[in-house]
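Read the single chain below, which is given as structure tokens and is the form predicted on its own.
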Amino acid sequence: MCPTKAIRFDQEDELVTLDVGAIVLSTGFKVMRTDQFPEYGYGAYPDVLDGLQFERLASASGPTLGAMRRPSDGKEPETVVFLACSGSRDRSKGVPYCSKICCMYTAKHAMLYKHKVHHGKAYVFYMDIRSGGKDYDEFVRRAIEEDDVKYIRGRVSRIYQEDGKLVVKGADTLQGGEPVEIRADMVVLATAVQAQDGSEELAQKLHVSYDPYHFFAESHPKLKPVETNTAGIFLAGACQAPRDIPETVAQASGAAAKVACLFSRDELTREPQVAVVNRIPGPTFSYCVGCFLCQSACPYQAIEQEEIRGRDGTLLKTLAKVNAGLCQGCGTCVATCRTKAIDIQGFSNEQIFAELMTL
């Protein structure tokens, strides 16, 4: 059907090698697999959806052209229950952190439903409403006060099907733990935000720090929020932590600005306290024996191999060399080197001993 013949069925994968000056990690996130919610009946009951599926259902370009229809029989749902924190802040599911975006998009989904089904009833089970941001709390209040969305503070223990309805059993903690039972036509789960598959392997390949949940770690949470400990590698979006759209856009702009600053100069300034391989005068004399234990230990990939050749081009030695642009002065290579061939500039043994003798 393509009039420009842009579809190429004979195209094959190819390996491209590039020399780049900066990398921006923006691998995004995934939502928790819904097979981890057997108590909610996801997969067993077609009318139990996750947030992305409901977003697609409510979209004008979706399968129902924006009309609210139950997946099971195509009927208009009269009662919809939204479950916030489905997997988030739940140590039993392995996600003790807050997914941050669920409170806001759950309120949006409830409002979308009420705008499409005016006589319908929308219920939201929540733990806490975390709506931090400009006009965020006002947005949630609008859903409650203007669109008549019923918010119930409590967790849902079980969902099962009975007489064509989804029976949602929970408790209202604001009413002293009073049991709540709602017979719903549709249930929407706000599933937890998790790091993408393969994030740990990618972080190890790029020598970037990551947290126990495999989100990439920034260099400093306040002073360097878009930079990593490895020079030239930056972060943008939900690969670092759960992010909403405004935060992702702001962080992406910050990462782009950092890359632009990096490329705007022919020469770079660096901290003077970096590692250096000691050399004795002469082309082949060095304390380094070329074992390269330092290279395997360096967390910043700052150790390179340098070939020392004679005048006739004969290879004499292969020694370690520190890339001062990548070195962060951590001292790991200094502690690893068996021949004591590496020092941190300004903190060599001779300098420290001279300070002690002076004192």
Partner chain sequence: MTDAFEPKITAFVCNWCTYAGADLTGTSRIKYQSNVRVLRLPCTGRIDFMLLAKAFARGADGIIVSGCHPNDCHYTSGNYHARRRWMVYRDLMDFMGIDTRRVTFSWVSAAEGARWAELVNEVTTSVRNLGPYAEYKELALAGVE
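Computed from a prediction, not measured in an experiment: that's the story for all the values here. The term rigid core refers to the maximal set of C-alpha atoms that superpose within 1.5 Å between the two forms. Numbering follows the first chain given and starts at 1.
Missing here is the form predicted together with its partner chain; even so, the following discussion is about that form.
Asks: Among S72, L174 and A190, does every residue place a heavy atom within 4.5 Å of its partner chain in the predicted bound form?
Replies: So, no: the whole triplet misses its partner chain.
Asks: Mind telling me which stretch in 299 to 307, 61 to 69, 36 to 44, 314 to 322 gets its heavy atoms within 4.5 Å of its partner chain in the predicted bound form?
Replies: Heavy atoms within 4.5 Å of its partner chain in the predicted bound form occur in 299 to 307.
Asks: Taking heavy atoms only, is I7 within 4.5 angstroms of its partner chain in the predicted bound form?
Replies: No, I7 stays farther than 4.5 Å from its partner chain in the predicted bound form.
Asks: Spell out, yes or no, whether the shortest heavy atom distance between C2 and its partner chain in the predicted bound form is within 4.5 Å.
Replies: Because no heavy atom of C2 falls inside 4.5 Å of its partner chain in the predicted bound form, the answer is no.
Asks: Residue-level contact is defined here as any heavy atom of the residue lying within 4.5 Å of its partner chain in the predicted bound form; does I344 satisfy this criterion?
Replies: Contact with its partner chain, yes.
Asks: Although its partner chain is absent from this view, report whether V31 comes within 4.5 Å of it in the predicted bound form, heavy atoms only.
Replies: Taking the distances in the predicted bound form, the answer for V31 is no, it never comes within 4.5 Å of its partner chain.
Asks: Of the residues R153, K100, H207, R89, which one places a heavy atom within 4.5 Å of its partner chain in the predicted bound form?
Replies: The residue in contact is H207.
Asks: What are the residues of 343 to 359, in order along the chain, with a heavy atom within 4.5 Å of its partner chain in the predicted bound form?
Replies: Going through 343 to 359 in order - heavy atoms within 4.5 Å of its partner chain in the predicted bound form - the hits are D343, I344, F347, S348, N349, I352, F353, E355, L356, M357, L359.
Asks: Is the C-alpha displacement of P299 equal to or greater than 2 Å between this form and the one not shown once the rigid core has been superposed?
Replies: Shift at P299: 2 Å or more after core fit.
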